[in-house]
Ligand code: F42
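Take a look at this single chain in C-alpha cells; it is the form predicted alone.
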C-alpha cells in the first residue's frame, strides 16, 4: 500500500534535485551519485548507484524522499544510516523506525517495503554487502562513536 500524505521536499537543494531528476525521468536518470571514494591511499570520484527511499516523517507525518546508496541482494535491500560518519543518525532512519512502511524506487521499479533494523550475524552479513557496494562505509564507522544502524527492506506481501 503506497504511503499517503503531503510530500515535503528536502531542505538540501542537491537532495531535491536528485529526487526530482530520478522521479521525473521514471528512474532512468539520476540513478547514480558522484562520490569521492577512498580505497587504501587512492581517492577517486566514482558514480555509484542510488535508490530513492520514501518514508513518512515521524514528527511531521509528511512524505520524505532521500537518495541512498544501493545495497541489494536477491530482491532485498539494505539502507545504511551512516550520515557520512556524523555523530547522529539521519532523519530518515528515525522515520523508518517510527513507521517501518517505506517505499523504494530502484531505477524504474517502485516497491512497497517494510524496514527492520538488523543486529548480530545478520547485520554483519549486510554490513559486508554495504561496504562492498560503498567502501567508505567502513571509514565512516571508524570515524564515529555511534554504531551505524543497518535497516533491511523487504517487499511487502502483495494482496491478491
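Positions refer to the first chain, counted from 1. Just so we're clear, the structure is a prediction, and the values are computed from it rather than from any experiment.
As for the form predicted in complex with coenzyme F420, it is not shown, yet the points below apply to it.
- For the options 107, 57, 135, 100, the one in contact with coenzyme F420 in the predicted bound form, meaning a heavy atom within 4.5 Å, is 57.
- Contact annotation for residue 129: none of its heavy atoms lies within 4.5 Å of coenzyme F420 in the predicted bound form.
- In the predicted bound form, no heavy atom of residue 116 sits within 4.5 Å of coenzyme F420.
- In the predicted bound form, residue 15 approaches coenzyme F420 with a heavy atom inside 4.5 Å.
- Contact check for residue 69: a non-hydrogen atom falls within 4.5 Å of coenzyme F420 in the predicted bound form.
- Of the residues in 64-102, those that come within 4.5 Å of coenzyme F420 in the predicted bound form through at least one heavy atom are, in sequence order, 64, 66, 67, 68, 69, 80, 81, 82, 83, 90, 91, 92, 94, 95.
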